[in-house]
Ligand code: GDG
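Next up: a single chain in structure tokens, the form predicted alone.
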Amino acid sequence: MPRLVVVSNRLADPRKTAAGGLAVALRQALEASGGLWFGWSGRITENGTPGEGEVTRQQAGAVQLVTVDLSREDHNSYYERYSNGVLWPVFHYRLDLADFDANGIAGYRRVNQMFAHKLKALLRPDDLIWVHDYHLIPLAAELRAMGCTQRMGFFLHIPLPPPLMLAALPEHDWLVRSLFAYDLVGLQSETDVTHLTRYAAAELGAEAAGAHGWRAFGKTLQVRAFPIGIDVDEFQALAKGRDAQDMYEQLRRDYARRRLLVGVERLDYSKGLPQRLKTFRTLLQNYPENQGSATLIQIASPSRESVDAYAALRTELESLSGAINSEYGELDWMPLRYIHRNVARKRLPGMYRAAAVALVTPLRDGMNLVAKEYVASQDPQDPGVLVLSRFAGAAEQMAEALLVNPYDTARTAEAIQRALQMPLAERQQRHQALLARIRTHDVHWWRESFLNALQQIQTSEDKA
């Protein structure tokens, strides 16, 4: 097996269980190949020179972690202004929130060039390179320009917008053309694949070449959907831990006379949180039997607190939650528990298991693993019901959930009412099908499917 080289904006020690989903997913392959993980250190040098950064190496078992510092100017332009100020909103269909005048694209290119320069010195001829997410779209093009011929794959963790929306990006043709420097591009859903291939055909003149191939600029690119999953066994083991059990028992005790609904997200405009709270208010209004009974616990973890759009979103949510509680609350019942802070991951399975309904209703999401974690947490004998936005990537895999349009608050409230009243036999049937699918297409399937597909692609070097 060739050495696996993973490149992402941030990285983590794969030996630590709290390192995050990507680290869990990549740990086995990195350790088996004595791999290398490369990315930003998270450190900002206030007086650093743009396009330069100090490299730090650390050994984590069999895996080498290599990080690069960013100057303040590079961080602001590459990370804040372009990656998060332009690409994030556009890729989530929010052109209105993209700051096209921020002029961060020069820094975005500069940091990708720096990453390529620093990484090239560490590479072996037969390395397998896997680049992750929207921060590093042009990295392969920079490496190719430096003479690198290794197999390179790219995975986009967020959604890809339709062609016309993608074309709203300044220099969109340069950005998407750079994807053709990869051998394989993986996306979360078949919808995303359709968006990319339609763009490539219409804007770049690409032509279909086989089942998954697209030919342009003298290069054939494979484009496929690899929906990311969770480690079901790991999450179910977490559910058996003391923290999760304590959370479950506490919620069952405190809400013994209530029906719990739960939502867990980062505070982000893509998650549809204002629409969700308005839907919950509609549920109480249209189905008054839920008054005094249904309680929604909404976790909205802090995210990018200094950005105006997020500050405005927080203010709106606090106003909505206060209005709902003042309108419908009683002395012994508060309909909405809005919590703006992080909840430890090891406690979440207990919260999920105590909830009769999970609301996973983003306006747009690449996948959304909360939906899969909720299913994995349930008691098969008495499972809860997943209410899932059709605009989450997970909807393509999870048809047995109650799929909703989060913009339609009345119909979504109707679906929640159906979930609260669903007979046990139907709940069991839906849960069984969902659990089987997320177990089959888990995070290990995702990793192996992508890496196998990348290794099987014939490069120009293979054909020579």
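What you are looking at is a predicted structure, and each value in this text was computed from that prediction instead of being measured. Counting begins at 1, following the sequence as shown.
Although it is not shown, the form predicted together with ligand GDG is what the next lines describe.
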item	value
Candidate stretches 161 to 169, 248 to 256, 293 to 301, 205 to 213, one within 4.5 Å of ligand GDG in the predicted bound form by heavy atom	293 to 301
Exercise: W88 in contact with ligand GDG in the predicted bound form, heavy atom 4.5 Å	yes
4.5 Å heavy atom contact, Q188 to ligand GDG in the predicted bound form	yes
Ligand GDG contact at E373 in the predicted bound form, heavy atom, 4.5 Å	yes
4.5 Å heavy atom contact, N342 and ligand GDG in the predicted bound form	yes
The unique member of I324, L348, A354, A116 whose heavy atoms fall within 4.5 Å of ligand GDG in the predicted bound form	L348
Contact residue in the predicted bound form, chosen from E265, D127, E142, E73 - any heavy atom within 4.5 Å of ligand GDG	E265
Heavy atom within 4.5 Å of ligand GDG in the predicted bound form - qualifying residues of 348 to 387	L348, Y352, D365, G366, M367, N368, L369, V370, E373
